[in-house]
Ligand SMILES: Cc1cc2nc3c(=O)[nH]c(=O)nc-3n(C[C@H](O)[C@H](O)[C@H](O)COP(=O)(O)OP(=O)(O)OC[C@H]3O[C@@H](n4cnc5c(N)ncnc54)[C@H](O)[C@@H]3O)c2cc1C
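Only one chain is included here, represented as structure tokens and corresponding to the form predicted alone.
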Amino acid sequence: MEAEVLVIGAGPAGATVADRLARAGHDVLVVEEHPRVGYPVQCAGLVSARVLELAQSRAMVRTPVHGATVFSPGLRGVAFRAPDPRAYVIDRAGLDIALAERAARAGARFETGLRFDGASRRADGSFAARLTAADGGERTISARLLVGADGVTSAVARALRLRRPVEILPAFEAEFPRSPGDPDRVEVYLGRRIAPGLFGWWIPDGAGGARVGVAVSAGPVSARAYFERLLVHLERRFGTVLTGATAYLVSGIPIGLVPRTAGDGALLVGDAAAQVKPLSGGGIFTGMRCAEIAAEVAHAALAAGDLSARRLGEYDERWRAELGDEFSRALYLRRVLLRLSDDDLERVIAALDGAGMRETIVAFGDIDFPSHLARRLFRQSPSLVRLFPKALGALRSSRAGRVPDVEPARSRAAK
């Protein structure tokens, strides 16, 4: 079997690449390991309006969210609410399905239940991709261009040696059909005992229930164990026990910058390229936007008959020029946050609860570009500057692709 472009993975990034290239007249085949597109669900499904614009649909929206409350380890909260929606809770599987259907209407072909097992280069530069079906049957598909959109443990990235290991945060989430809480706000829970490495969350589902989960640094304690701790925390917060979970989600979140997302005849997009926001773990918008750039570069390269790493490297340059500064600053802030004790986090929440801070959060909060808000908050609050004396300088830097060292002297000594 042959295809001009073979996309491994039918999530938002893979379906976006397929849609754009199919519309440009290319023969595109998308292969998905799971038997159904969209399942199992891969993330909590809280997105910005940018995702809806890229999807060109609001059919998957369950409820808009106007605000958030961030809780310290001791459950001191700082809350804000904006007059307009700041995020949307979506049917996550519905998004994948809608994007795949759009790509199919554009002419892309889809096959499910096929696992990518590796690829070899032929004399003419094309790939021979090896795939295995659920029944154990083996297939080979030839393609001029191979796109890895196969998630955090990308087999394409491993096969083509296109990435170094990045930090992978284990995540565990459950859906509850009934849950107290403000249906118009997201809740975020900080603390080393609850969610070391990132945070816990409570997200209203628009039907009286909620999605509750944690993402944490990998270690001897499992993400599920931290999730159970969060449930106890929520019992203290709400005064009632959450029971009757109807679904569970287990996933991994890649955090970090990889040196290359393009090689000879190949591109990586989405979680496979670690195109994930370091402060939130969200990757739908960034993955879809990078997929658009990948399709534009791939179309030009295919038309020119030049799929060399040098030609496809334009993709690396373009997506880093657009998002690299944000990723670098957010990575630096994440490194700083990882060093904070629970007492420090209490002081952070107290600082955010200071005069005028809520107004700044409402005016400049953006879940896709949080470093922009962080920069303003640091300028506004002497308390935050005292907690993060090095962070303000890092946020003022505009150098893309570089994550400043938290402790430069220690880093040099370790080399």
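All values reported here derive from a predicted model rather than from experimental measurement. Throughout, we count residues from 1 along the sequence that is shown.
Another form, the form predicted in complex with the ligand, is not on view; read the next lines as being about it.
Within 4.5 Å of the ligand in the predicted complex, a heavy atom is found for not a single one of Leu54, Phe176 and Gly200.
Contact between Ala298 and the ligand in the predicted complex is not found at the 4.5 Å heavy atom cutoff. None of the heavy atoms of Val17 is located within 4.5 Å of the ligand in the predicted complex. The ligand in the predicted complex is not approached by Ala294, whose heavy atoms all lie more than 4.5 angstroms from it. When contacts are judged by a 4.5 Å heavy atom cut-off, Val31 counts as touching the ligand in the predicted complex. Of the stretches 324-332, 112-120, 68-76, 306-314, only 112-120 has residues with a heavy atom within 4.5 Å of the ligand in the predicted complex. Residues of 9-25 placing a heavy atom within 4.5 Å of the ligand in the predicted complex, in sequence order: Gly9, Ala10, Gly11, Pro12, Ala13, Gly14.
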